[in-house]
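Here you'll find one protein chain in two forms, each presented separately as structure tokens under the names structure 1 and structure 2.
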Structure 1
Amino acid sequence: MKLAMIYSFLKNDLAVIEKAVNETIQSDNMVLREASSQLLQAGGKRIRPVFVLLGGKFGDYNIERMKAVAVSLELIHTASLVHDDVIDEAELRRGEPTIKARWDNRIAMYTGDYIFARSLENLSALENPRAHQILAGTMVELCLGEIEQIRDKYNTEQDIRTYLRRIKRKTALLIAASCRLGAIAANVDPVHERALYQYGYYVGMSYQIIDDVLDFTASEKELGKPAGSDLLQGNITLPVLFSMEDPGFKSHLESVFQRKEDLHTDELAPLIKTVQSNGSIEKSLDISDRYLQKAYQSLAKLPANRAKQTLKGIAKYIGKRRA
């Protein structure tokens, strides 16, 4: 089953949000308009708006309030991807040229800043200071995660705790905030709001770990970018951290990383094959599954409705995701 089928009953509301997202990033400046539209037109799962809508289904659901939150969360995610591609010197995103590849780093950075600004401007439609505080705090954590990723590039002395903190900031907290802000916009009971936040956090952690696993196990066609891209860019993910428990692997990786400015995929091929075959993938998936089990436990605190079943279905899908 495709992911979109799980939340198909939200189709009409998601169409409203998709239209609003595209309208929000429009600009009189041609370059900003084209650059901002490029990544959105390349597609994406729009999973953060989905979590916003589902969070709202446990309270006083109103599509206008939901739209204000959902659009802002999707734009923050989009802006972070634009900046990510500059940091990683990525040429492809979702199978299409990145903004930095089509224009340059300066255009990409200002485009990301512009999208961030439009996100904050859009949320002003929701008159709830607490929602703005939560979103601002989430953006601070997101930026810290980005800085940590830059700092830890090619750093073989980092540990699993460092990795988990980084993906918490880069991925999990934004998904958790999506669930929470959807709940706040719908005036959901605080106990249920907290459960939704916890669910989003645990699902977000699992989602990112599986994303990092897929970088080694999925094809270039499935990924929309070359397999092994994370390692090529010096990003050490969970499968690599497990692999580095072998001193021989760690020594080989350090040797290859010494040529980081001129590193090519073929030089990493033996290391990638080792990661694929030494049990590190299975260990990483086990950690992912532990987070998913905690997500299910959080769902148990919520009242029964269609949204709860959908959230459970999404978690189940994420656990089985292989592309």
Structure 2
Amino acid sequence: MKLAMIYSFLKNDLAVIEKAVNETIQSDNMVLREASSQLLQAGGKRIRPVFVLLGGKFGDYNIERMKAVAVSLELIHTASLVHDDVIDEAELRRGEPTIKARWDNRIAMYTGDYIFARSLENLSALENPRAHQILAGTMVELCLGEIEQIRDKYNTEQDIRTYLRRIKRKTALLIAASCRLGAIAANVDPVHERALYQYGYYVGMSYQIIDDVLDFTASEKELGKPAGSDLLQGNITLPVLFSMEDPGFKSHLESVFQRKEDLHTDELAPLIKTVQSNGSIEKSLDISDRYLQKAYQSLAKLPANRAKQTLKGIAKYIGKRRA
């Protein structure tokens, strides 16, 4: 089943959000308008707005209030992608040239900052200080997570805790905040709001671990990049951390990383093969599954409704994701 099918009952509301997202980034400046629209038109799962709307379904759901939050979260995510493409020197995103590739880094910086500003302007329609505190805290953590990712590149002395903290900041907190902000916008009971936040956090952790596993297990066609690309860039993810428990693997990796200036895919090929076959993938998937189980446990605290079923369906989908 496709992910969009799981939340198909939100179709009309998501169309409202989609329209509002596009309207929010309409600038008088043509290049800025074109650059901002490009990413949004290329599609995307809109998973953050989905979590916002589902969070709101446990309270006083009002599409206008939900819209302010959902649009802002999608825009914050979009702004971070524009800047990420500068950081990663990415040429393509969702099959289209990135903003930095089509124009240049400076345009990408201005576009990202513009989208970020529009997101905050838009969210200020929601006069709830706690919502802003949560989102602001999340954004700072998101940046710290990305800085940590650069700091930890090629560092074979990091441990699983470092990795988990990094993916929490990088991925899980924004998904958790999406669920929580949706709940806040709909005045959801605090106990349920907390359960939604925990659900988002656990699902986010599971999602990122699977993403990191897929970098080793999915085909180049499925990934849109060669297998092991994370490792080639020096990113040490969970399967590699498990593999490094073998001193032989660790010392081999360290010797390869010493030549990081001109590291080639061929040199990493034996290491990637080892990661694929030494049980690290299974161990990583097991950790991912433990997070998913916690996500289900959080859901158990919520009243039964269609949104709960949908959140369960999304968690299940994430757990089975293999591409």
Partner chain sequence: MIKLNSSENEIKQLKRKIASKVRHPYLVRFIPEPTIDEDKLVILSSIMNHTNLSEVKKEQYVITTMLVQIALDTHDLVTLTDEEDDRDIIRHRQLTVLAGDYYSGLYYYLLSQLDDIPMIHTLAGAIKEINELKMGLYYKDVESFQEFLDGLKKIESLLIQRVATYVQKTAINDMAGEWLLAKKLLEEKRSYQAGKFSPLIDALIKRPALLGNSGQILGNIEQTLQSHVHRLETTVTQLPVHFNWLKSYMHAAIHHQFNHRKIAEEG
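Predicted model, so just to flag it, every value in this text is computed and none were measured. When a residue number appears, read it as a position in the sequence of structure 1, where counting begins at 1. Throughout, rigid core stands for the largest set of C-alpha atoms superposing within 1.5 Å between the two forms.
In this pair, structure 1 matches the form predicted on its own, whereas the other structure does not.
Core-aligned CA deviation for I314 between structures 1 and 2: less than 2 Å. The rigid-core alignment places the CA of D104 2 Å or more apart between structures 1 and 2.
Relative to the superposed rigid core, the position of the CA of L142 differs between structures 1 and 2 by less than 2 Å. Comparison between structures 1 and 2 places the CA of S80 2.3 angstrom away from its other position, after core fitting.
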